[in-house]
Each structure stands twice: as structure tokens, then as C-alpha cells.
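What follows is one chain in C-alpha cells, specifically the form predicted on its own.
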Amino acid sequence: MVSSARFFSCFLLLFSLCGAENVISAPVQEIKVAYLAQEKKQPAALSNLEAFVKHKGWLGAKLALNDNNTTGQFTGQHYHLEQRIVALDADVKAVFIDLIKENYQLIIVNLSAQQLAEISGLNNQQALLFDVSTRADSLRSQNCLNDVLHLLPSRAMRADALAQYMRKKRWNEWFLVLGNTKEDGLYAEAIRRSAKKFGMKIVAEKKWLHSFDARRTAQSNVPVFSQVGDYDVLVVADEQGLFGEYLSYRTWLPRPVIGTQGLHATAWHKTHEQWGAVQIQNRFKALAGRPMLEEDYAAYLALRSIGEAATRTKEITAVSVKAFLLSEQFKLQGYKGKPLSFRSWNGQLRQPVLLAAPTSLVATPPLDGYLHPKNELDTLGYDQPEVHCQ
């Protein structure tokens, strides 16, 4: 007589074999995603310490592709990632139109703010675009693109993160130094907004007008340039890195430097190791041979968001994926201690922002004490009542 335990074991074996057969015979759902970028012109070398990195973002998407396909083995789904990196002198819009004709409805976009707006104008809601490179506040607060989700923190989010920490330290009086580029002006505008929002005072503001080599002249010029009275911190707006690195330790008064250099706000940093981050840091380095950068992290989150939507809903159209990602059901693990989600009013990914020095992580705003009626992550950047999308 067969014992009940042996009978149960045989039953489980038979059930598992039948289940495996059903899994094998079930059709696999193919999920097509495109990655669109353009070659970047290599800037003039300002330092021999920082190597120029080509194709920031692509390897982050590739890592997410591996993760999605690992999960897909159990959910009956397979992800295909089409890479389209356009030559420097080629027409990005033409390549985008080709992707639409090939029925790509989910497209990760690593382009400038102007290029993103241009291809959005051609899209006509046919595809959902995942912006993994821009910081423009105008695309989140005024001229919002309702077919775009933004993965990187905006300039306003970065400035608010710095302001929260400065408020905590009671470093309330700022000396703002900005460069000559359009991007520097936009970052300075975000800094002024955050100063007003958190009750800071910009006691002095100056433009860095020196056109000569900052490395050779900083020692003599910065002390004179920075004699503007007393202040708690120097806030620098130099997104291209033309002079900001040479302000620290050279100012007339011994004051910390924050902003685009010194203590800076970023989506990701090589020193971040909390909440499981060390695991993804190591996996990315094994894949890429270098640390993960902001654009890599953003592209990783973009494809993982698509994977989360496809796994939960089994729907892969632009409309269905967008609806799920903007819903309250969507939560994404982003290795930052809090679940990430998208703001329904402007498509911005809610996320903590890292405050990092060159070799250490200092803080991860939003900080304790900054409250919000719905989500404390909305204390960073433009909140819903502030947005006027057109």
C-alpha cells in the first residue's frame, strides 16, 4: 500500500511536469523598446582626471534589459531593445519617424531638451517617450509634454534638495556665482527660486567673466572675485564645468562651495551604497567597466518601469503603459530608500536626490521635517499647484 506522503510527492511531481509543459507551450509576449540617442561632441579637456564617456545611458538600459528578461522567464515575456544612436551630423527627427513607422510605442530618449520637444511635436501620441537626459524646468512646469516621462531630477528638484540641507545647517546667506551659458542661467534661476521657497537670502550675485584658463589664474583671481562681504556658502552655477572646480579653497573667506560643483545634487553617485545600491553599483561596473552615471541610472529606471507595467498589466501599448505608470498602483524600487512614482501632472519621476561631494555621500533629501500633504517627495521641485502646462 502506497503511503500518503509518497502519493503526495508523486502528485507534486506530476503537477510540476504538467505545469512546465504548459509554460513551455504558452506563447511568449514580445515587448519592443527603442533607445534613441545622438553622438555627443567631445568637449575640451578641462582635467586629465575625468575621461570622456561615450553613450552615457545605453549600458544602464542594457542592464535593465537583462533584469527584465530574467523576470520575463517566469512571466512569459521577452524584451527586445533596439539601439539607435544617431551620428553627430545626422537627422534625429528622421530616425524617430522611422521608429514610429516600425511601430515602436515605447522609446527611451537620450537627447537635449530642444530635441526632445521637437520629436514630441512629431509624435502625435503614437509613442510614450522616456526622457533620460534633460533637467529643463520649462518641460515640467510650463510647456509640459504629455507624451513624455522624465526620469532625471529637474534643476528645481536639485536646487530644492540643496536648499533643504542648507536650511538644516542654517547656512542661510548665499553668494551666487554663475557662468555665461544659457544652462548656467537656468540653473541660477532654479537656485533663486529655491532660496525664496526655503527662506534663504542671496546676499551677492556675480558672473564669472574670465575667458582665460581658470586653472592658471584661479589662485590669484578667485580671492579678489569673492570679496563681496560675508556669506555662509558660495553657490556656483557652472553646468559645463568651465570654472566651478577652481573656486573651492581659493575664496577670500573660508566658505563651502555648493551647486554644480562642490556639494552637488544628483540622481546617482558612485559613493551611494545604501538600500541595496551597492549591489546594482557592482553589477553595472561588471557590465560597463566604469561607475554608473546619472544617465545610466535614468535609462535603467526607464526600462525597469516598462517592465513593471508589462508584468502587472500584460499590456504593452503606449496608452496602457502610460496609464499604469501614472496611477497610484505603480511603485518602483530605485535603491534610494523610498518607492519611486511619477507625478501625474507633469510626468516627472518622484525620487530622493543625492547630495554628494566628490568622494562621499552627504545627505539624501527630502530631509526629515519637510512635510507634504500627499507625498514628501513632492517637496522637491514643482508641486502640482505651481505647474502651468501648455
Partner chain sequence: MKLKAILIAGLLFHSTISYSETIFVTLEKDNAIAVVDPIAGKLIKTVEIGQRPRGIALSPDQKSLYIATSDDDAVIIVDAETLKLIDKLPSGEDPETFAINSDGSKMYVSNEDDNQITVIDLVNHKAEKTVSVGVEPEGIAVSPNNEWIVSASETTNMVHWIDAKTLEIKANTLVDPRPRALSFTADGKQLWVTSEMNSSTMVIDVATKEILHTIKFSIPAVGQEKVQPVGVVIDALQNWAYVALGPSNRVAVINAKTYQVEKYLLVGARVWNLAFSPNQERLYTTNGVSHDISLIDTQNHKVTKSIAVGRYPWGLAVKK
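Positions refer to the first chain, counted from 1. Fair warning: this is a prediction, and the values are worked out from it, not measured in the lab.
Note that the form predicted together with the partner chain isn't included here; everything after this is about it.
Task: Options 111-119, 142-150, 182-190, 271-279; stretch whose heavy atom lies within 4.5 Å of the partner chain in the predicted bound form - done: Going through the listed ranges, the match is 271-279.
Task: Non-hydrogen atom within 4.5 Å of the partner chain in the predicted bound form for each of 283, 300 and 375 - done: Judged in the predicted bound form, 283, 300 and 375 all sit within 4.5 Å of the partner chain.
Open item on the list: Taking any heavy atom pair closer than or equal to 4.5 Å as contact, tell me whether residue 339 reaches the partner chain in the predicted bound form.
Closed with: Flag for residue 339 set to yes.
Task: 4.5 angstroms heavy atom contact with the partner chain in the predicted bound form for residue 75 - done: So residue 75 counts as contacting the partner chain.
TODO: Would you please decide whether residue 312 lies within 4.5 angstroms of the partner chain in the predicted bound form, comparing each non-hydrogen atom pair?
DONE: Yes, contact at 4.5 Å.
- [ ] Answer for residue 70 alone: is it within 4.5 Å of the partner chain in the predicted bound form, judged on heavy atom distances?
- [x] Contact check for residue 70: yes, within 4.5 Å of the partner chain in the predicted bound form.
Open item on the list: Looking at 295, 238, 308, 245 here, can you tell me which has any non-hydrogen atom within 4.5 angstroms of the partner chain in the predicted bound form?
Closed with: Here the answer is residue option 308.
- [ ] Have a look at 364, 29, 38, 333 for me and say which one sits with a heavy atom within 4.5 Å of the partner chain in the predicted bound form.
- [x] After the contact test, the surviving option is 333.
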